[in-house]
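In C-alpha cells, one chain follows: the form predicted on its own.
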Amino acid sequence: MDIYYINGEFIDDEDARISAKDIIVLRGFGVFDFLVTYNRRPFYLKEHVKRLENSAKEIGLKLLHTTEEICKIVQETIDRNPHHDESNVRIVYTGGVSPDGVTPQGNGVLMVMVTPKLRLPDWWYTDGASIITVDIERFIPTAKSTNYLSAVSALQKAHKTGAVEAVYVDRNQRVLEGTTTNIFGIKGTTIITPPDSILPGITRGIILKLIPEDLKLEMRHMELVGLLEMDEIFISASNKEIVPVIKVNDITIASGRPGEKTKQIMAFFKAVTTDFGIGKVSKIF
C-alpha cells in the first residue's frame, strides 16, 4: 500500500479523499507536476516545484506553501514509501472549495501522490515509436493545469492507431508539443525544438544542455511538412525520458530506425540519470 500526503496528513492511498465541492472536481481547476526518482532521489525536484508555482500563477491559483515546504513534503512522502525501488511522484494543488462552485477562494489542497515507477516497453527505445498529430492548441500552454480533456481525447486517438503520443499542431501548422511530451527534430547537423507556446519541460531543459558539440541548436517552430522531412525525431518527458520517433501519422521518418544522433543524446541522458544523487555530477551541470 502506498502512502500519500493530503492537506497536512500522510495517509494510505485507499483513504485519500478531497471534497466533492473542490473546484478541481467541479471545474477541472487546479495544477499539478510530475517527476520521477533515480537512485531513490527526486529528479530535479526544485525545478518541478518552481514550474508548479508558475502554473498556479498562470491560471490564478494561490498556493499556501513555499517552495521549500513543498520540496520537504515531497521528500518525506517518498521516504514513507520505502517499498518502491523507484517512484513516480505527482504533486497536485487543487482549486479548493468555492461557495459558487467556480470562484477560487485561496483554500486549495496540496496532494503528493507517490506510486511505483512504471517500466515502459523496451522496444520504444530500441526500435522507435509512432506518433500522430492533432489540430489542437492548448489554453495557457505554459501552465500544467489539471484540465486535460484535450490531452485525453488526443491520446485516445493515438492509441487507436498504435501510436504512443499525439502532438499538437496549431492553426498555422506549427508543431508545438505532445500531450505529455516535448518534441525535437534533427536535420543534418541541426537540432530544432519549439521556443514558445509550449510547456517548458524539465527533461527538455536537461536535453538542451546535453546536445553534442557537432549539433547546432535552433529554437524555432517547425511546420508539420518540415517535421515529416526530418532525419530524426524524438520526444521527451519525465516518465518517458527520450523516445525515438520513427513514424508520424502514416509517414515513416528517414530510414524508419532510431537515428544515431538521437541515440547519442539518449546515452548522455542515461549517464546523467544513472549518476544522479550519488556524488557523480556531470560537468555540464
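Don't overthink the numbering: it's just position in the shown sequence, from 1. Since the model is a prediction, treat every value here as computed from it, not as a measurement.
The same protein has a further form, the form predicted together with a small molecule, not shown here; the description that follows concerns it.
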item	value
Partner proximity in the predicted bound form: Leu52 to the small molecule, non-hydrogen atom cutoff 4.5 Å	no
is_contact(Thr180, the small molecule) in the predicted bound form, heavy atom dist at most 4.5 Å	yes
Gly185 within 4.5 Å of the small molecule in the predicted bound form, heavy atoms	no
Proximity of Ala56 to the small molecule in the predicted bound form, heavy atoms at 4.5 Å	no
The unique member of Ala237, Leu61, Met230, Val248 whose heavy atoms fall within 4.5 Å of the small molecule in the predicted bound form	Ala237
Per-stretch contact check against the small molecule in the predicted bound form, the hit in 195-203, 122-130, 69-77, 103-111 (non-hydrogen atom, 4.5 angstroms)	195-203
